[in-house]
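To begin, one chain is listed below as structure tokens, in the form predicted on its own.
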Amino acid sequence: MKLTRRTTLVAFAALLSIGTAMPAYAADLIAIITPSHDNPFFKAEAVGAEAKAKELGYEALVLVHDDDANKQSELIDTAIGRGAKAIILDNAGADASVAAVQKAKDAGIPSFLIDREINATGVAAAQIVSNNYQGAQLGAQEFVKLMGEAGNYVELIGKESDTNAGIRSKGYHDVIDEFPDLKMVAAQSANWSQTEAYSKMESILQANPDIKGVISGNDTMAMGAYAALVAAGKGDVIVVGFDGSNDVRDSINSGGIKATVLQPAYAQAQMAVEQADAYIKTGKAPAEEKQLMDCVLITAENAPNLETFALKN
């Protein structure tokens, strides 16, 4: 009898040891994957999504892919391995990300895309993005007004693999090109980077010292361009950005950069988590996969009310 009891205890202990060696699967994990948090826009996405996930009772796994599609694929594998119930994703390329989102779907994990679309439908559960074309037109209209409908200007364009870069540029030009006295003397990609925008602006100024304005695809490039202009003694050049960052808000408030366009990064990320929560609880995807959130023009009038990509009432 003692032998039998001891054997049973040993077997039970062995079973426990096997159980503890197995990977831990979170019953309530949401993975949040974005580009680098060095860009305050992407950091705001992650912060907003994480806050909403925790508010709804989930554990949040926050990861960064650095706009590297291969790294993104590895992070999707991590989310799958951790048993995530949903993925909130600001992706690393419209074409390059399709396979990774499909991989998550095949594993039974819905992806809720924010900020950037992918070039496929029916793969992600939702694609919640800013109305970049509408926002770009707002920015361009303000730029035209500030320029007095005439003068030489420069366009700084975002990362070419990012569909938002092209959409914003088209929105700008569909307005600006209606004014023949506005002449674009240079257009270069600075890949959403402040450092690269500074360098590109320095080079552009050497060839075009008489520019009157700069319209930028995002705020980080606008900040880099404005810093280069100030360093060259041209702080009076009109600069308009896009995103609604606190840095550009501060510049607008101090009379530097003239305007930007707010895309609601924080609210967008929180909406994605709310939709993920509904999917997890009901198994139903949103009625519309592609959802647009309108942008808001930010000038000296409303900049004081801007905080972390949201306007305070």
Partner chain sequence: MFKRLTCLIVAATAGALSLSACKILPTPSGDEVDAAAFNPDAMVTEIWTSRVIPYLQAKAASFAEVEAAAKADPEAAGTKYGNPNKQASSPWTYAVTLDGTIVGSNTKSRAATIDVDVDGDGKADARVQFGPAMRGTSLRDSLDFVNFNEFTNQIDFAQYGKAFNTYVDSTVLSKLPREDLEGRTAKVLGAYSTNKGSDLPLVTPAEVEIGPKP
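Residue numbers count along the first chain shown, from 1. Quantities reported herein were computed from a predicted structural model and do not represent experimental measurements.
Absent from the display: the form predicted together with its partner chain. The rest refers to it.
- Site residues Y133, T163 and Q291 are all in contact with its partner chain in the predicted complex, judged by any heavy atom within 4.5 Å.
- Shown without its partner, this chain lists E149, D210, E74, D106 as candidates; in the predicted complex, only E149 has a non-hydrogen atom within 4.5 angstroms of its partner chain.
- Between the options T195, T78, N119, S203, the residue in contact with its partner chain in the predicted complex by a heavy atom within 4.5 angstroms is N119.
- With its partner chain left out of view, the stretch that reaches within 4.5 Å of it through heavy atoms in the predicted complex is, among 228 to 236, 183 to 191, 166 to 174, 151 to 159, 166 to 174.
- Contact check for A92: every heavy atom lies farther than 4.5 Å from its partner chain in the predicted complex.
- Proximity of V101 to its partner chain in the predicted complex: non-hydrogen atoms within 4.5 Å are absent; the residue sits far from the partner.
- When contacts are judged by a 4.5 Å heavy atom cut-off, L113 does not count as touching its partner chain in the predicted complex.
- In the predicted complex, its partner chain sits beyond 4.5 Å of every heavy atom of A86.
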